[in-house]
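Next up is one chain by itself, shown in structure tokens, the form predicted on its own.
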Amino acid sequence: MFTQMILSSIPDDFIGGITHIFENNYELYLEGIKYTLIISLLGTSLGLLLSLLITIFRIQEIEKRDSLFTRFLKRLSIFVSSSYVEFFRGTPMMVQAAIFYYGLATLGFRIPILIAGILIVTLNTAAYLTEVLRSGINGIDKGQIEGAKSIGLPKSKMYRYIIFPQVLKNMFPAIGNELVVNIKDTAVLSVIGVSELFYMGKSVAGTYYRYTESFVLVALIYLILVLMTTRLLTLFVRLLNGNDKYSFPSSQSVPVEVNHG
């Protein structure tokens, strides 16, 4: 009886259906937007920090003066970091989320769903940004690195004061693009029950049996979020570059593999 009342209250036309669904369920959509932004922002930020660490292991150089044990450790770090990047870049994030969440559950480790979602996005982002960082480091003038070594600057300070500041500034468009992609790709986390935007839209669609209207509304909200994020990133880059004219690239124009699946 209650279900029939809900279904009979919604207009039959498409626009009226969308309007009715939003007016009666906007709190659910706002809740979904909140979790989508939390997961994408935290996942991108933590992924960037993790990528800095992975990149250091990824670009280890084996030198003649290294001891046998040091060479072994360097080769091991290169292998582990490379395998990490290849795994997370080569498998869909939806599959990774299912393996990570349900796999840990079978081992007796149950973590909050929201934390699991943030961790999955973090691990994915780190894998993609590691390759961006590695390419950026390879593009730095070798003279700067040789100069730092010649004055006896430790590697930790060389990366902190010379390499990373230059690379991070140059790769900011790729970092921002990763954030935009993460906003959209949080939808795959619905496979483990994360209450992000797509999950909320699916729940509303199941209530009214009006899937087209609900998912069109979800698509419009995603579009607004992406456009707003892109505009804010464009403004930030202009401030960073001294108000030079700059148009932040769309998620399809940055030459970085970011299709998380």
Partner chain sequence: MDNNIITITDLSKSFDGTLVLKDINLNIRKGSVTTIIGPSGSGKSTLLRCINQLEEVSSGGVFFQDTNITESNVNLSKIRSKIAMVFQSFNLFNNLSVLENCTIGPIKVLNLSKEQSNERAQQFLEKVGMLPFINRKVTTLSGGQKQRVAIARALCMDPEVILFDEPTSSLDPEMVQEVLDVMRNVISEDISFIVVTHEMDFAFDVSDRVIFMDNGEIVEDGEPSYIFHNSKNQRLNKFINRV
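Note that this is a predicted model, so its numbers are computed, not measured. Numbering follows the first chain given and starts at 1.
Only in words, not in the display: the form predicted in complex with the partner chain, which the text now covers.
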**Complete:** Heavy atom within 4.5 Å of the partner chain in the predicted complex, from candidates Tyr161, Tyr102, Phe72, Phe87, belongs to Tyr161
**Message:** Just to be sure I understand the contacts: of Ser77, Gln166, Thr91, Ser135, which is the one whose heavy atoms reach within 4.5 angstroms of the partner chain in the predicted complex?
**Reply:** Gln166
**Item:** Distance check, Gly108 to the partner chain in the predicted complex, heavy atom within 4.5 Å
**Value:** no
**Request:** Report whether the minimum heavy atom distance between Leu153 and the partner chain in the predicted complex is within 4.5 Å.
**Result:** yes
**Asked** Is Ser83 one of the residues lying within 4.5 Å of the partner chain in the predicted complex, judged by heavy atom distances?
**Response** no
**Item:** 4.5 Å heavy atom contact, Gly147 and the partner chain in the predicted complex
**Value:** yes
**Asked** Taking the partner as it appears in the predicted complex, which of 43-51, 192-200, 64-72, 206-214 has residues with heavy atoms within 4.5 Å of the partner chain?
**Response** 64-72
**Request:** Heavy atoms within 4.5 Å of the partner chain in the predicted complex is the criterion; list the residues of 213-240 that meet it.
**Result:** none
